[in-house]
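Before any questions on how it binds or moves, here is one chain, the form predicted alone, in structure tokens.
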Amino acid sequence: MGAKIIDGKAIADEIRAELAKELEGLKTKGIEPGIATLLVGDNFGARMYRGAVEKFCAEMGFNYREETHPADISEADVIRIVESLNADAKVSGILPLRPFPEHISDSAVINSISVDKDIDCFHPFNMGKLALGEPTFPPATPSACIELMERYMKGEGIDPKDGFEGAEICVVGHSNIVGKPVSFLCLNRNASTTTVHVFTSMKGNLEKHTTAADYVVVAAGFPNLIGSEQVKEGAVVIDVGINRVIVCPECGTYNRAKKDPCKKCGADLSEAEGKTVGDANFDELVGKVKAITPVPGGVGSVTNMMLAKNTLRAARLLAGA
């Protein structure tokens, strides 16, 4: 029997319906949540995310304020823009879209954001509260991982409280954006949490940890890092990775760029097709694990809903509701 596919799109639709009711209730009280994005320069990824947030706000019925500025703007001016967003009653949450140009410090911008509008937990104050297990705005992608795990547990007839307590959870990746905060969120639910990373792998110890885990959360940014040999039978895999790869038409190997020959067989890749894959080898794992999230259609589908949840909470707090 194959693995259960944890359908992130279906779960996102369920959450969207729940949040729509909450939003309707807030609007009857005169509370209208809103998100502001801050983009400096012309980074392709940041521009894409800005467009996605604008579309998301329109779909959710949130106010949206765009702050897009040329790369040569001064750091002092960027800070003044953040201060204006802090003071804007129509803005519940602020999203700084990185990377910033070299002359603008990430920490200077993030530290200037009001902690009450820091809806993706960038500010050290909110990250500190997360680490201490105190109420805060949990970052969207790590929250999506927890949401998927909780809903999977409920679908299996398991109370999430019991499901997390004492469970062996291995987080692969220790970034400040996903790995560390998702580890905190699991620890805060009393899971037995292990965090592994590239240096664990370099010491030859990766499998020692991943094969002991009931749940493996993969957030390393490396395609097909976790295969069937890295997990135990019946584990649950949450795949955060989103990697765009070039598939060799001759041997099927994943490559990073079309301009170079296939790293395995040397075939020309100029006409090869691209594919989006996760950090887990879905095709290998689906026959061994108990459940797995697909890529695309898994964690990424739920991330925006977690951002929306934080935005509604920020709006309530700002309104004192």
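The numbering used is simple: start at 1 and walk along the sequence shown. Owing to the predicted nature of the structure, the values given are computational and were not obtained by experimental measurement.
We do not show the form predicted in complex with a small molecule, though everything after this point is about it.
Residues of just one listed stretch (182-190, 230-238, 197-205, 74-82) have heavy atoms within 4.5 Å of the small molecule in the model of the complex: 197-205. Contact annotation for Ile94: none of its heavy atoms lies within 4.5 Å of the small molecule in the model of the complex. For the chain shown alone, Ala131 is not a contact residue for the small molecule in the model of the complex, no non-hydrogen atom being within 4.5 angstroms.
The small molecule is not drawn, but in the model of the complex it has a heavy atom within 4.5 Å of Phe222.
Although the partner is absent here, Val217 is not a contact residue: none of its heavy atoms lies within 4.5 angstroms of the small molecule in the model of the complex. Here is the short version: of Lys154, His174, His103, Lys90, the single residue with a heavy atom within 4.5 Å of the small molecule in the model of the complex is His174. Site annotation in the model of the complex: the residue of Cys170, Ile113, Val178, Ile119 reaching within 4.5 Å of the small molecule with a heavy atom is Val178.
Each of Thr141, Val299 and Thr303 is positioned with at least one heavy atom within 4.5 Å of the small molecule in the model of the complex.
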